[in-house]
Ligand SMILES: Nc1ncnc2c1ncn2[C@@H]1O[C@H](COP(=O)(O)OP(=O)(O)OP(=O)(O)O)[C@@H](O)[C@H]1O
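Next comes just one chain, in structure tokens: the form predicted alone.
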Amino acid sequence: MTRMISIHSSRGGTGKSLIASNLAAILASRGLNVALLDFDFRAPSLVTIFQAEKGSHRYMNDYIDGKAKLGEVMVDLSERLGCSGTLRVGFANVELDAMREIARKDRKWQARALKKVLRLKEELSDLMDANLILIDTSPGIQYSSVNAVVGSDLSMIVATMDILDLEGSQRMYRDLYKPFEKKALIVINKAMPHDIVGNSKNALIEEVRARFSQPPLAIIPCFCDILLAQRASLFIRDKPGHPFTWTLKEIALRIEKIG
């Protein structure tokens, strides 16, 4: 059974794309057939993270616009990354003109785009026998992120404990997820070390529970070396023994167990 999970945030800078890309690689290394799609059309980053050769393939923009088929878009990185399963990535176009063009699309175009998104699961299942589809969405309530959330079986909201981010995530959960009856898991990223021990950790969990009616799926500490690191590679490959890598592997295990 193919599942589609959107990875979302209320604003940029939460670490959403870093988590999405590394989770996809972990799950593919565990034998799953994974498709990772970049729906952050206004600030795409997966091309940089995976060091993909620009211009050597079509983009998700082309697929959504009806100018390319999925087989022309999805780039197989399985052999390069040494995955026991498969990892195929659909990149978004990083050219400025492409980002401007997607921002100018009207509601009729976005309605047609939603129909394409709703067919993605079946198409990717047929194309690559995908077990899992991860969508790296644009932050906030943009058309592309709404389409991704509506088309997904499940979403993961990546938030920090910054009060503006927490309140923004809570509003997004209330205004988008509740009306569409979409389930979302909450991951807290960049938590301060003193907030994840003893009574402080319990207080953090209870604050998340009060805002989202559920405890966080995971709490990821803030690591200074991650904040300073270049985003031009997969972190789990560069630092397989890092606590951040271990935490992502735990999240991957939890995702696998979720029906």
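All values reported here derive from a predicted model rather than from experimental measurement. From 1 onward, residues are counted along the sequence shown.
Omitted here: the form predicted in complex with the named molecule. The next part is about that form.
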| query | finding |
| --- | --- |
| One stretch from 168-176, 185-193, 69-77, 94-102 that, in the predicted bound form, holds residues within 4.5 Å of the named molecule by heavy atom | 185-193 |
| Within 4.5 Å of the named molecule in the predicted bound form, all of 15, 18 and 139 (non-hydrogen atom) | yes |
| Residue 64 within 4.5 Å of the named molecule in the predicted bound form, heavy atoms | no |
| is_contact(residue 217, the named molecule) in the predicted bound form, heavy atom dist at most 4.5 Å | no |
| Exercise: residue 227 in contact with the named molecule in the predicted bound form, heavy atom 4.5 Å | yes |
| 4.5 angstroms heavy atom contact with the named molecule in the predicted bound form for residue 223 | yes |
